[in-house]
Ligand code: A2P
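Here we start with a single chain on its own, the form predicted on its own, put down as structure tokens.
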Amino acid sequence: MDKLAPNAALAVKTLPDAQTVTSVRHWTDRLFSFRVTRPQSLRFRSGEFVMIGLLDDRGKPLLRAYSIASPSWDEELEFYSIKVPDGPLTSRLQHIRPGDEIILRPKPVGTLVLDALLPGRRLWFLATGTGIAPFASLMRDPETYEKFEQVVMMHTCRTVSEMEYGRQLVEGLRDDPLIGEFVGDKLKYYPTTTREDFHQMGRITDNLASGKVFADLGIQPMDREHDRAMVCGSLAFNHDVKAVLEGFGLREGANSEPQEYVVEKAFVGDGI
């Protein structure tokens, strides 16, 4: 497993984009989240991503796109990451501790923002694995519940333990003193597994296409007039979900041309 180059952490401090790690939590042997200080000048829309990283062995910045998991009002920045033993970045990043520093380029961008969707009644968050990160931000943003009557968070992982980050976040929202009154009963959570036995199983595409999720939640099927969706996962997942959404009549949008659904194309996958 790679180690940080000697004095790499000290070298980061000489960069203007360095931020201090405030907390780290390891959810499984493959998943961890961490929080860092927020630059005073940073303004972002919930759902956007930034470039973060560390220095490589040559002392050069090694950066990857990471969705900000904290909402736009948070005083700190939260990130949720996979661990890849041989990954150029995460083989190093997974060893950070409070007090360490990372590089953060404060130029947020991304398509998973409310402005990229036409007005609607129900909003779907569709994610696999760490793709839940941008929705962790949006689920904690009051604007999400001001714009939509209902929000459905569909999250699929291989095992039950891999859903723990999302489960704890969702279950704490209603009682959260800052966001609870906005969430109320508007948020519906639909986690599923694909490998380990669980009371809800199956891929997001299958549960949408078969109508199972609608039956389980007691809600109407998707339609273009009322439903909006955001998608974040692997390239293959994004491609498959797009086909299902378009089967319901939804059209892909962007910041410059809002439509019924948007896809995050910069999601960090298993090779990081």
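Since the model is a prediction, treat every value here as computed from it, not as a measurement. Residue numbers run from 1 along the displayed sequence.
The same protein also exists as the form predicted together with this ligand; that form is not shown, yet it is the one meant from here on.
Note on the partner interface in the predicted bound form: the residue among 116, 77, 157, 153 having a heavy atom within 4.5 angstroms of this ligand is 157. Out of the listed residues 167, 97, 195, 107, 195 is the one that sits within 4.5 Å of this ligand in the predicted bound form by at least one heavy atom.
Against this ligand in the predicted bound form, the set 205, 237 and 240 is in full contact: each member has a heavy atom within 4.5 Å. Though the partner is left out of this view, residue 128 does reach within 4.5 Å of this ligand in the predicted bound form, counting heavy atoms only. Contact with this ligand in the predicted bound form, judged as any non-hydrogen atom within 4.5 angstroms, is confined among 157 to 165, 117 to 125, 141 to 149, 178 to 186 to 157 to 165.
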